[in-house]
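To begin, one chain is listed below as structure tokens, in the form predicted alone.
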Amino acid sequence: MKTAVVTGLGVMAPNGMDTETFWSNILDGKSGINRIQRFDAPRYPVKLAGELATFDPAEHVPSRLLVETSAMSHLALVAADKAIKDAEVDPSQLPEYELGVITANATGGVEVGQRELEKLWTQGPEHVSAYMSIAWFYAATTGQLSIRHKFRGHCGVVVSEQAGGLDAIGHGRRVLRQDHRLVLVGGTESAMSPAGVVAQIPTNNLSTSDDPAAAFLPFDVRAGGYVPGEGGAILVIEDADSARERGAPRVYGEIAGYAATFDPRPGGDRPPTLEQAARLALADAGVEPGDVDVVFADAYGVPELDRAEAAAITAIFGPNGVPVTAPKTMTGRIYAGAGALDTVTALLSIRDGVIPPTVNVGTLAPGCDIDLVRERPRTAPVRTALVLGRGHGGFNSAVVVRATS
């Protein structure tokens, strides 16, 4: 089967709106989590978020597209431009029906939906934008990327919350194996509006802390929920032979393995299936647990979910058997954008031989017997990384990336 390699990266994160700035800040432990600025947060129990506070879409997105799309798509349009530029590929020189787009999203263009519904109730139906119906739809990003770059092959969207970014990558690899040369994959998210945040409050999983250094503490004895974030990443993946033929200037690594599972119904006798997803992804990649140099954790920040993830990791690798990291402590939980961003971070770890840190986490909670890389980067050879993601409702996904040389 075709080998899927990553040739371009595009990042939009709260602590860096390009790949190298993001990576530098991650290694330096610089967080993008701060007080919510997008709306009047003091009225809500959630005070902090990982926002792209300085991002002005009007500086990057054509005016026509601005009114047709929402923040989730603005982020993806910019990230895709960065990824294509990084790959140094001219899509117009490739067969358009061999180019695909697979993205992930969990919340849709929620800020557009809220804005237009406010217009409906306060001003009347004639003031509601005709673009509302498409701008807040989950698939809008995939459609806009396909139109903008004339990718007319297989296009789709996956909706599996924080597992979604990894699912998009896995499905993208599958598309490459169906007579495609290049696929844009990844996910972006922006739920930073009152409606987007309020919809999450009933889960009781959001952190209510107002201290950015103590709000998002996965695997810590003080863990009390996650901080919402926005952003994500788009990757260019190509068939290795096609990338070689066109002279791709860089290959970050191979998408070597992927698997997804779904948890059983809560309250039953069957255990969660994150461990199964990880084992299946390793088997798909043809690697043993001992071959894995680092695990990028889902890192929910909710005590029982942290214990469940730690148990899955230790079941495969043994207690403290592999370095584990959660750089998302510097971005917040970005939902469908998280898996793609973690995959970018894993590929940069492979490139530079360094494992990025998990910040602010102190004493690990009982039952979390993992070798968590904390506070400062750890220099180490990295050739194979396992990336984990879990989506609200029972989704589990795992991707294995590895060096190509």
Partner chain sequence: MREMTLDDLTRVIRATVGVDDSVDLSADIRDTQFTDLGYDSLAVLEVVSRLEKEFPASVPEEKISDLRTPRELIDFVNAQLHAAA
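Numbering follows the first chain given and starts at 1. All figures in this text were calculated on a predicted structure; none of them were measured in a lab.
Although it is not shown, the form predicted in complex with the partner chain is what the next lines describe.
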Among the candidate stretches 28-36, 50-58, 63-71, 362-370, which one is within 4.5 Å of the partner chain in the model of the complex when only heavy atoms are counted? 63-71
Tell me, which of Phe317, Tyr131, Phe137, Phe262 has a heavy atom within 4.5 angstroms of the partner chain in the model of the complex? Tyr131
Counting any non-hydrogen atom inside 4.5 Å, which residue from His127, Arg250, Lys85, Arg244 sits next to the partner chain in the model of the complex? His127
